[in-house]
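What follows is one chain in structure tokens, specifically the form predicted alone.
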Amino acid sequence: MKGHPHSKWSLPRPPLEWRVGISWIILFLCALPLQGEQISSQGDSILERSHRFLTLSDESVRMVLLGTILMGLSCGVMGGLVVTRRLSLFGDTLSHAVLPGVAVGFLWSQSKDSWAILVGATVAGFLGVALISLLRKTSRIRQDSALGLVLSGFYALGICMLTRIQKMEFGNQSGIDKYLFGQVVGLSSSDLWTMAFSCLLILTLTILLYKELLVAGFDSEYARSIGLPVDFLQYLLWLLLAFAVITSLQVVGVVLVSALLVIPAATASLITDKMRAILIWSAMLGCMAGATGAFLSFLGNQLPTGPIIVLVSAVFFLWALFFHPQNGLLFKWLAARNRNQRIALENTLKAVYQELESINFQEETTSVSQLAKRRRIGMPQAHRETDALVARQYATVHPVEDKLAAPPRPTLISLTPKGWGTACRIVRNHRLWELYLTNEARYAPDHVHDDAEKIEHVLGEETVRRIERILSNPKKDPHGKLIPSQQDIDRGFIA
């Protein structure tokens, strides 16, 4: 949503998503022992399994792959809409709240009928959402507490009902217990049609009502002022979320389905900050995680498909968190490290300039000991900074030929033309900013140094030119010291 005319709709990248994603990663590193099931591939070598999966020669592989892709697409789109509104716990609550509905749907049809279970789970999900809303409106219970109450209460009720079903005559053959942890090998053509219908409905309504959902979600007051049915759009979002959750239960189960809502969307929010791009990236990452997880589960032994899909999503999140070229922590660390090194070099150059200025530029060199004194650092650090200047071709060093001097012998520093130009630029930025704060912002002259120390390293040439025009091309700073001109910088020395 970058550049949206209503700036208060803009979506900052919240650090909350990083914490949510990392929490899911830690949780699902312990998820492998869960009772999910893998695609049957016993008796084949890894190459044979790979060939069977990639050629889609088995009908079971085709069904599983299509089911995981549909699941990733549905959960990715809905996760993008939910996570960006900071409602991740709603998805988790809804995934647990539908469990009693799954049991009711099974009791209604006395078989694992996808449409009956879809209806029952949808009704249970809406009852959970309505109960959360009722608790918030009629009591002093906060939203997080209401979510916890509904999540735990509905989940406990669902477990009790499933346990009861298993003791019925038709319960043992139902496979209804697989909704807890998923059983991807149990996908039927009816399940796939249900998932396809749900996915098509989610994509169609999201595309057709994209602007309305966006406005109602991020600025409900403005949406009401322009006549949008905010409450209807909110319940429509919960309906679509319920469809995405319910149709995914067969693959990953109640316990893990919320991860497929959170992790791909959180990963997408690290990659981009545009809402449309977040939805696209989240859907793509969900599909890739589903297909890759199914493939890895097919290759391995005793690797449950649902947890593997979640772990693949977690790997994608870690990649974006650390290695994304623009927002990755590794690249940010490298950029900060390079910036700190540049600032340290510029401060050293400024100190050399100030030492030469203190003797009215009568000499072209200064000693490392004088530099250390000016910088208020020890001699080892001063030598390291001098070596850094030499490595960047900002300076040259000249050992003093003094046979009486004890080692280490004194070293003189002289700046190269490149070093002179950079030193003059930094000093000019510092002193111009001090004068600007004194003349235009009415700062006291003895209160401007610290601000100038920070701003001198980031002032661009265009800004410097503007400040010079405002100040009528000044020659001296508030303390009476000369301000290097552009000619001084271009010549590489002070005339």
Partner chain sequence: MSANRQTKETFIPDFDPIDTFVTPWSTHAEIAWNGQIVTMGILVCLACGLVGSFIVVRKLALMGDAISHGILPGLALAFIIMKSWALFPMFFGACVAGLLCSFCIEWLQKKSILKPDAALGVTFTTFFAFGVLLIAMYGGNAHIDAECLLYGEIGLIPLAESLSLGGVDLGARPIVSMFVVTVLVIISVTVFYRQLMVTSFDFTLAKTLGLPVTLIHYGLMLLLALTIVSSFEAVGVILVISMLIFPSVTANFFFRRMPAILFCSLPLSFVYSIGGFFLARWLDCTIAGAMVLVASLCFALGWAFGPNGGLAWQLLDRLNDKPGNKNARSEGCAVEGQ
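Residue numbers count along the first chain shown, from 1. No experiment lies behind these values; they were computed from the predicted model shown.
Just so it is clear, the following notes concern the form predicted together with its partner chain, a form of the same protein that is not shown.
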* Tell me the stretch among 375 to 383, 352 to 360, 146 to 154, 205 to 213 that has any heavy atom within 4.5 angstroms of its partner chain in the model of the complex. => 146 to 154
* Heavy atom within 4.5 Å of its partner chain in the model of the complex: which of V262, L249, V77, I117? -> V262
* **Among the candidates F197, F126, W108, Y222, the residue which, in the model of the complex, approaches its partner chain to within 4.5 Å (heavy atoms)** => W108
* To do: Although its partner chain is absent from this view, report whether I308 comes within 4.5 Å of it in the model of the complex, heavy atoms only.
  => yes
* To do: Please run the contact check for T122 against its partner chain in the model of the complex: heavy atoms, 4.5 angstroms, yes or no?
  => no
* Asked: With the cut-off set at 4.5 Å between non-hydrogen atoms, does M71 touch its partner chain in the model of the complex?
  -> no
* Partner proximity in the model of the complex: D92 to its partner chain, non-hydrogen atom cutoff 4.5 Å -> yes
* Asked: Going through 264 to 284 from first to last, which residues have a non-hydrogen atom within 4.5 Å of its partner chain in the model of the complex?
  -> A266, S269, L270
